[in-house]
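Here you get one chain, nothing else, as structure tokens; it is the form predicted on its own.
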Amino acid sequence: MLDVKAGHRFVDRPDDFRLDVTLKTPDTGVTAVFGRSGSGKTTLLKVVAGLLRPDYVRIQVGSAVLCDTRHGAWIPPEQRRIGYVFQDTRLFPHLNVQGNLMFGRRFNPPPVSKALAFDSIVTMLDLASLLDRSVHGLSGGESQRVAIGRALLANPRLLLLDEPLAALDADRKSEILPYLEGLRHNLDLPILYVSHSLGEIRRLATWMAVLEKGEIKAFGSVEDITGQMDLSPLAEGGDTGSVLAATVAGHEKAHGLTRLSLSGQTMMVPKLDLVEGTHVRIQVRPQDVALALERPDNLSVLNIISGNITSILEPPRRPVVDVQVNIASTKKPVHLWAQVTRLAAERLALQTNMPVYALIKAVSLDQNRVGLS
């Protein structure tokens, strides 16, 4: 568990920015901190790490109180046992890869968990072939994997990742994302992941905090936050969408498809190499969802999901409408966002509480949009 309460006024900023944060995360798993540039994401991480001493702060990780300014308690950064991975990696140029990895061992006790042992981290991040190499010849993805390994080998009680993919191109991001997913599944460790990319968050995080102008505006599971909030004003390049929890129900081997059970309904996706009963998460872009008032026949689209419109948002100066649809057959709502043109919305006379069918092409849900829960 990470429990943070912090407040600080930055007198040197022209926008009179204030950080006023209360955040409590679960014991393990990835909690994403999402928001546009300037919202205070990196500032929050610096406060947690002890690199910034605010006007007021109290931070507790598990049973350890790292600081409490009201009682004069302050553990310095190097003694907090917090792993910090920066966007620019900050590897030591005079050390080779193995030297960088072992650096944190000098200041922290050896880990109790076998998952944080040297051989385990090297295997998890696929670093064995790099150990003797100089850091100068590493690719961006390799450098970031070394930086993550160094942070983990410091035996941290908490891992902070500050936009670790922001400086990488699309190919390098695709290379490192599976390793970040491995951290979530293999480590019994709370992770705070800062990003303004909803695509990364939908794939990696379990929990999500939305930060605006230095304040936490919402906190909850990624599924709930992306389903209930319109995050398009905060997302980069229209990178919005829903995250849906599903279970592998079976495979259509002859056709290369997998059947998923989704809130009482069935969805088809390209074949997944997963056994029945595996829990997965589906990322659905709103532009991949069409709406119909009646169940269509003779259609190539395999996924026809019934639901009811719960809200309609009309962003100013945009030719599209964002439609939120509850697709659950259970009491707890499960929301899917669809994006249609204003003209289509007018022709269909869309309104809240109206029953609709959401149409989603199976081919739009490739392996980049379906991952382990």
Partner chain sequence: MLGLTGLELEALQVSLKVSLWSLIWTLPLALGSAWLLARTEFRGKAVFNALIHVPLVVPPVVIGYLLLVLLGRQGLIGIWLNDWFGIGLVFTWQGAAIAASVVAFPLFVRPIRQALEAVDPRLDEAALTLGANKRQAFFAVTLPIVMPGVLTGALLFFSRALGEFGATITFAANIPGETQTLPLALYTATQSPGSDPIAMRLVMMSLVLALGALILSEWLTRRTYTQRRG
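Numbering follows the first chain given and starts at 1. Given the structure is predicted, the values throughout are model-derived calculations rather than measurements.
Keep in mind that the form predicted together with its partner chain is not shown, yet the notes after this line are about it.
Considering its partner chain in the model of the complex, the lone stretch of 77-85, 250-258, 272-280, 179-187 in range is 77-85 [heavy atom distance within 4.5 Å]. Contact annotation: of the candidates I121, A205, L262, L91, the single residue with a non-hydrogen atom within 4.5 angstroms of its partner chain in the model of the complex is L91. None of the heavy atoms of S197 is located within 4.5 Å of its partner chain in the model of the complex.
Among heavy atoms of D297, none comes within 4.5 Å of its partner chain in the model of the complex. Residue contact check for Q228: none of its heavy atoms lie within 4.5 Å of its partner chain in the model of the complex. For P286, no non-hydrogen atom is located within 4.5 Å of its partner chain in the model of the complex, even though that partner is not displayed. Every member of the trio S134, A151 and A154 reaches its partner chain in the model of the complex with some non-hydrogen atom inside 4.5 Å.
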